[in-house]
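A single chain comes next, written as structure tokens; it is the form predicted on its own.
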Amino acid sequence: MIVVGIIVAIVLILLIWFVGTYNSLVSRKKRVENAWSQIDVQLKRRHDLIPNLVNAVKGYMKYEKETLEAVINARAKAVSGGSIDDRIKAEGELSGALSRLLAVFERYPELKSNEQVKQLMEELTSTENRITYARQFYNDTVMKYNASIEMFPTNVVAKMFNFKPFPFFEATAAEKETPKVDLTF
């Protein structure tokens, strides 16, 4: 009778641990998805600002057609969707194209003094700061989630229910590149 009681207690403890571990993994996965949706909101804001900014500067930047086209193409690629991995890469390209555009602004003093462009630049800078904060939060959340699905013994439950790791938001080569400012006219 005592042996049966011990076996039932062990099974009950294992069942409680199993359910707790599964629920913990689901909770962490939902936090990662929430963190991604926070980035998505800021990226949408940036995507909405870019056409207005490009239209505002087109008249001033007649000789920078290539830079403007790079921004427009990178935005179109970023908006097209896809997996989180694809979107992270596309957003990296867009960030690189935007940094080159911002560097080109230095050549046009009248452009920098235009009120509409100033306002759009302030909104874009504010949005970029929000995206940076959201990326940090996302990466922190992904790190905790990915660690939990790899560490023993939770990795056993993670493998049973096919929990997959999420990708990190990393700076691309284009983002790491220092924009070149050419002030010659």
Partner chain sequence: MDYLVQQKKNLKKTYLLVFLFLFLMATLGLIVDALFGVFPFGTILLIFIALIQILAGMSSGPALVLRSVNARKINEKSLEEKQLKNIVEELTIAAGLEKTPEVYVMEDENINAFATGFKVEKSAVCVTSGLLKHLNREETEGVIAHEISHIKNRDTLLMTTISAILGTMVLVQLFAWRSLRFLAWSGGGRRSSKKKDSGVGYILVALLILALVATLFSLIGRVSIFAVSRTREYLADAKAVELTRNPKGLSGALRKIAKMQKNKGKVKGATIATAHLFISDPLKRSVNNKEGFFANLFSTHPPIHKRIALLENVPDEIVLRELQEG
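Just so it is clear, the structure is predicted and the values come from calculations on it, not from any experiment. Positions refer to the first chain, counted from 1.
Only in words, not in the display: the form predicted in complex with its partner chain, which the text now covers.
At a distance threshold of 4.5 angstroms between non-hydrogen atoms, residue 123 is in contact with its partner chain in the model of the complex. Its partner chain is not shown here, but in the model of the complex it comes within 4.5 Å of a heavy atom of residue 137.
Taking the partner from the other structure, its partner chain in the model of the complex has no heavy atom within 4.5 Å of any heavy atom of residue 60. In the model of the complex, its partner chain sits within 4.5 Å of a heavy atom of residue 144. Residue heavy atoms within 4.5 Å of its partner chain in the model of the complex occur in exactly one stretch of 66-74, 149-157, 52-60, 38-46, and that stretch is 38-46. Annotation: in the model of the complex, residues 17, 27 and 30 none come within 4.5 Å of its partner chain through any heavy atom. Residues are counted as partner-facing when one of their heavy atoms sits within 4.5 Å of its partner chain in the model of the complex; in 145-162 not one qualifies.
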